[in-house]
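Below sits a lone chain in structure tokens, taken as the form predicted on its own.
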Amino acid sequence: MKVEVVKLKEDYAKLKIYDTAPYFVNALRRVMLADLPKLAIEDVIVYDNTSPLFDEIIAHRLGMVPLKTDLGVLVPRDECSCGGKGCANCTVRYTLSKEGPGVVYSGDLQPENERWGVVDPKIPIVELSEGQRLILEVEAVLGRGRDHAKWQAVQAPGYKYYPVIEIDQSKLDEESRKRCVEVCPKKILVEKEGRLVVTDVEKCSLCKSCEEVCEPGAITVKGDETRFIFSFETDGSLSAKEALVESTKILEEKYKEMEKLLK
């Protein structure tokens, strides 16, 4: 198997994966969604809440706030040596205290250590009027997406077969070429010097609209089942590189465990 990095940003990655099968790429996608751990708020202790929202609604909104995560430092609470009591190795604490008028934002959460700050400080939680207050304390722990969406670090992981477009120029006349150019939703088919050419095959969505408007056999669109274009983005709690590396480690461990069971 070969992996080529097409684009790698802090919160987005696009890869080309060669010489593999759909089941492997799909397994990587599912690991990113269900098994990749991240930090999220689990327990909320409300000391004073005179805002328009119930405690439960505020707790839910806080739980969905992305938090910076360092998987090299934290361990899941159920695997911690403290026995789940909540020590510095498995639990991160934040406090929030604000009085209106004004909007309570995610950035108002004050972590016990700056390394655990929120990813986006401008996520609105609740608006306070004159004299209203919100005072609370929260605990964040590692979790996985299979347990709750708040622990999903990766959003929209997806893949497609690498497009293969074959064109038989002898079966295309000027009218056919024009129809193909007009029907392509991605605008990757163009007419050049009396020939129909593809400008960027990777943008092809495999819709096969061009096949339908041309003579049979003039254009063949298919996906290469050994090559894939894979892309995903993160909520910022983990970088795209961290999410990819950690997901491959988790997938490798799963295969090793399966191997042991088969033996």
Partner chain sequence: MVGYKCGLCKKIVNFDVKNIGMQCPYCGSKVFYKERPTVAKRVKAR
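Residue numbers count along the first chain shown, from 1. Remember, it's a predicted structure, so these values are computed and weren't measured experimentally.
A second form of this protein, the form predicted together with the partner chain, is not displayed here; the remarks below concern that form.
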Please pick, from V197, V213, A34, A59, the one residue with any non-hydrogen atom lying within 4.5 angstroms of the partner chain in the predicted complex. A59
The one option of E202, D70, E233, D43 with any heavy atom within 4.5 Å of the partner chain in the predicted complex is D43
Would P66 count as a contact of the partner chain in the predicted complex, using a 4.5 angstroms cut-off between non-hydrogen atoms? no
Using heavy atoms and a 4.5 Å limit, would one call D48 a contact residue for the partner chain in the predicted complex? yes
At 4.5 Å between heavy atoms, is W151 in contact with the partner chain in the predicted complex? yes
Taking the shortest heavy atom distance, is E174 within 4.5 Å of the partner chain in the predicted complex? no
Using heavy atoms and a 4.5 Å cut-off, decide whether E10, E112 and D120 all contact the partner chain in the predicted complex. no
Given a 4.5 Å cut-off on heavy atoms, tell me which of 23-31, 233-241, 48-56, 214-222 is the interface stretch with the partner chain in the predicted complex. 48-56
In the predicted complex: members of 128-148 within 4.5 Å of the partner chain, any heavy atom: E139, D147, H148
